[in-house]
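In the form predicted on its own, a lone chain appears below as structure tokens.
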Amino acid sequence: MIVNSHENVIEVEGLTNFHPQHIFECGQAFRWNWDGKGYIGVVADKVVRIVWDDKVLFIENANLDDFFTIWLDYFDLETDYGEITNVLSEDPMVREAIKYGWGIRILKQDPWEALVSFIISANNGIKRIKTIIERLSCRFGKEVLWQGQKYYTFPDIDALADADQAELKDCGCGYRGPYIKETAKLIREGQVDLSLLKTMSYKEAQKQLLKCPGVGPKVADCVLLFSLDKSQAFPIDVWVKRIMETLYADELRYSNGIRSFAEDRFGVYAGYAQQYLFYYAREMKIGK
């Protein structure tokens, strides 16, 4: 990997197993949007555009310090996905899925943003999830200007803990509004400490997240996988359930359920397998 900087644009060469479309369209993050040139996203208080020409990754509105303190980790660029895909390709089903999502990387997102985002995701499609998050950010976040456009940071814990329920409803949160507000209060009061979850085991961290209103096993696993480095987490939504029941029907008859099967089958790489299978199921409309 070769990294250069020129006029507030980072250029990264030598990447493999990397493609922005696969990364941003696989359901793990909701604040990245295609603008005709690349994907524009807001991470913390940074607005960047990600452009990929099949050889070089361009990160616009970023310098070298940003790259090494934020983007290197955020895009998981130091993880060897070649090794991961080689191991997972021993399973013929996942090997086929990798052909469709070979460029997926699991983003290392902020746990607070991931937690709220996936509470919102319950019984919602991706387009609507993105709309609600954008409304929340516009109302409760901080304004950031870039190239004459206004963008907004994700709301902090205090902002949503103190939010009026009517305001949350206006943003489209629906029945999830009280969950978001109460979860923010739990975290502010220290009953759930997000900063400690990375140091806990997968099961311990999952138990802590399940204390939060609106958080069940699927939402907890999403937060654990996409923000807390728990690569054995295996979130099960409708698409993953369909593809697992379609591709592993015989094996599942002799298991204790999909999650248990995935843990036994894929081990510490279960989360990576989930992302390849999820993207493949959606692209191929499996089980629809």
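These numbers come from a predicted model, not from an experiment. Position 1 is the first residue in the sequence shown; the rest follow in order.
Same protein, other form: the form predicted in complex with the DNA, not shown, and the subject of what follows.
- The contact residue chosen from 159, 144, 84, 122 relative to the DNA in the model of the complex is 122, the criterion being a non-hydrogen atom within 4.5 angstroms.
- The contact residue chosen from 242, 49, 259, 46 relative to the DNA in the model of the complex is 242, the criterion being a non-hydrogen atom within 4.5 angstroms.
- In the model of the complex, the DNA sits beyond 4.5 Å of every heavy atom of residue 249.
- Of the heavy atoms in residue 105, none are within 4.5 Å of the DNA in the model of the complex.
- Of the heavy atoms in residue 173, some are within 4.5 Å of the DNA in the model of the complex.
- The DNA in the model of the complex comes within 4.5 Å of a heavy atom belonging to residue 126.
- Residues within 4.5 angstroms of the DNA in the model of the complex, judged by any non-hydrogen atom, belong to 207-215 and to none of the other stretches in 194-202, 207-215, 67-75, 90-98.
- For the candidate spot formed by 20, 58 and 230, no residue has a non-hydrogen atom within 4.5 angstroms of the DNA in the model of the complex.
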